[in-house]
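Quick heads-up: it's one chain on its own, the form predicted on its own, in structure tokens.
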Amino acid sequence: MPKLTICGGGNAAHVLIGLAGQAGWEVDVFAPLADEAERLRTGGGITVLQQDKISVGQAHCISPDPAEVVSGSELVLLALPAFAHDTTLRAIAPFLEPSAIVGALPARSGFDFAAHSILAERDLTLFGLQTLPWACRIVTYGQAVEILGTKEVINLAARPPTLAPRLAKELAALFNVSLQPVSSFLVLTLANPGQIIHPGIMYGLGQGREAIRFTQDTIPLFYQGVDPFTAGLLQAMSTEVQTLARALAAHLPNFDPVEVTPLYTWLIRSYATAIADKSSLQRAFVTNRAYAGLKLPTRAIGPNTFAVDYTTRYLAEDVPYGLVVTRGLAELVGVSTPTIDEVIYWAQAHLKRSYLLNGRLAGTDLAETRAPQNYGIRTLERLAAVMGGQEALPA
């Protein structure tokens, strides 16, 4: 029986335990955060609920100690927020088999920079998914999780790139989703939809609402609450990414900007059967049943009283591990990104961080991000060499 280790204890980890267990894998779980390992152990297995389909799987071993669960694994999956990738990779590195395949669901922007710098001496196979395959929510921790919607197709990148087609074919059955191989992690970085959707909608719906108080019944919808202004903002950000991709392609001969899918095209491709009205970007969000009922992130400030949560991972993850990485690439090639800059400035103020300063990535908190500059990539020539495997990254 093949063995895999799942790193994490959240929504995605619950789905993976159920699906992998059902598929016949021996599943171990590395859950280092708080009391996740103990709570998962007491659950007795995970039931995955998906419309009229049910999958059930149980982990063989669950531990906060990587030495107990990582050794012997053919496949190691990081089902974690991007801000936990570095610490997790460092924790598991000593126990990884030489033939192990390490992947992130999703990779988010710059995952290859971080993974390559941490695991440089191991020469392991890496892969990343463009997004999480499912919209999912835990029903009962350690026992049940619900898949609200599954994307039709997801991009997969690998290092070395030649392995992407094989991994896409082999992992599609495990994740129960169609995987499309792409030529490089740079494609995933630029085509990361979370960096546009999450900060963009937070900006569109959250700006100016600092003083507004909601009840449980009046919290606005998130994805299905996208109004024309927010849709226009998302489209402008996507257009800037497309401009950047074309500019980079002029300097990187092995990079194909066509693989960087525009946001509207990605949305229609990912949720082809879930969207009722495809007439515009705004209508595609509003009528996507996979997004049904998901609300604007809020925090409780009193009895049945809520305020917008500006510390949500939609900003805390998708800005430093998304927009800032893209902005760093734009700085390398000299492409202007005014809308992306506007959203970063707004978000960093709410996060109490400084990434952009006077139009440059020179803020005091830049080191917390996966901007290419943090890995010594300050020229296009260096970027090309790193992508081609000719140069290593500093650990």
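Residue indices: 1-based, along the sequence shown. Not measured: the values here are computed from a predicted model.
From this point on, the text means the form predicted in complex with nicotinamide-adenine-dinucleotide, which you will not see here.
Review point. Every residue in A84, P106 and L132 with a non-hydrogen atom within 4.5 Å of nicotinamide-adenine-dinucleotide in the predicted complex?
Key: Per the other structure, all of A84, P106 and L132 touch nicotinamide-adenine-dinucleotide.
32-40, 345-353, 358-366, 54-62: which one contacts nicotinamide-adenine-dinucleotide in the predicted complex at 4.5 Å, heavy atom to heavy atom?
Single hit among the candidates: 32-40.
- prompt: Using 4.5 Å between non-hydrogen atoms, is R137 touching nicotinamide-adenine-dinucleotide in the predicted complex?
  reply: Yes, contact at 4.5 Å.
Check whether R313 has any heavy atom within 4.5 Å of a heavy atom of nicotinamide-adenine-dinucleotide in the predicted complex, and answer yes or no.
Although nicotinamide-adenine-dinucleotide is absent here, R313 would touch it in the predicted complex, with heavy atoms inside 4.5 Å.
Should T88 be classed as touching nicotinamide-adenine-dinucleotide in the predicted complex when contacts are defined as heavy atoms within 4.5 Å? Yes - in the predicted complex, heavy atoms of T88 and nicotinamide-adenine-dinucleotide come within 4.5 Å of each other.
query = Would G10 show up as a contact with nicotinamide-adenine-dinucleotide in the predicted complex if we use heavy atoms at 4.5 Å?
reply = Judged by the heavy-atom cut-off of 4.5 Å, G10 is in contact with nicotinamide-adenine-dinucleotide in the predicted complex.
Of the residues E97, E317, D256, D309, which one places a heavy atom within 4.5 Å of nicotinamide-adenine-dinucleotide in the predicted complex?
Result of the distance check: E317.
Report the residue, out of A79, L156, L171, I275, that has at least one non-hydrogen atom within 4.5 angstroms of nicotinamide-adenine-dinucleotide in the predicted complex.
Looking at A79, L156, L171, I275 one by one, just A79 meets the 4.5 Å heavy-atom criterion.
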